[in-house]
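The chain below stands alone, shown as structure tokens; this is the form predicted alone.
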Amino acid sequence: MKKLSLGKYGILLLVLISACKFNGNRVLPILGERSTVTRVVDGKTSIDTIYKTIPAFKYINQYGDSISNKNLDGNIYVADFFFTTCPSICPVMARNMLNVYNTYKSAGDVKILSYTIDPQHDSVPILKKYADKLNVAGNMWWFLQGHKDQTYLLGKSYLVSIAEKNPAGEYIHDGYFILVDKQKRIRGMYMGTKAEEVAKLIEDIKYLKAEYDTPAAK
């Protein structure tokens, strides 16, 4: 399986990945497209920035439960895309994601979503078996199955690329872990096959959680 680059998003990420400080903690950038809205209140004009968010979705998890974007309300989460028969980067990604799971499984406001890109094969029982093999239990890490077209389209909102099987019979998808805040905005992207980037993700979740513990939290 091959990894795809971020393409047109690469420059955006390079611009936005700057580190700033807030009360001694690093404040993560907000990635993706944005627009501005001009408002006039009591004769005063202000310009608000509107950030693109992850759109509504509805999937089935490894327990056969229906999971939608509403189940993520009040939660920070990490998303990635995989398939259970992947022979190359997915096993590495799963092992690295376990570090995130084990660090935050008791946090209460952090979740992990792994979307299969091969829903025809990855049935609910297969996803459950896959989760069991990783010793993943409870409702912190969901392995999600849905319509293929919906998943491919949703991937674009997460700023990742997914493609059909290539001529060699391989699925093509990015190996990024995407960090999403409680407002459904993307706050970071990390290569899931690299231990050092996953360690940075684990640290950045701590900084993102700290944002919601301050009076200035958005």
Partner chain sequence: MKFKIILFLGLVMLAIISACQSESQLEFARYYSAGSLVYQTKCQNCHGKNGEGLLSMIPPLTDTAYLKNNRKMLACLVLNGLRGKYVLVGKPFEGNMPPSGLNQVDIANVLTFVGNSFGNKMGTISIEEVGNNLSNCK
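Residue numbers count along the first chain shown, from 1. Predicted, not measured: the structure shown is a model, and the values here were computed from it.
Another form exists, predicted in complex with the partner chain; not displayed. Remarks below refer to it.
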{"query": "Non-hydrogen atom within 4.5 angstroms of the partner chain in the predicted complex for each of P91, K129 and N135", "finding": "yes"}
{"query": "G108, P125, G74, P87 - the one with a heavy atom within 4.5 Å of the partner chain in the predicted complex", "finding": "P87"}
{"query": "In the predicted complex, K148 touching the partner chain (heavy atom, 4.5 Å)", "finding": "no"}
{"query": "Contacts with the partner chain in the predicted complex - residues in 93 to 120 whose heavy atoms fall within 4.5 Å", "finding": "A94, R95, L98"}
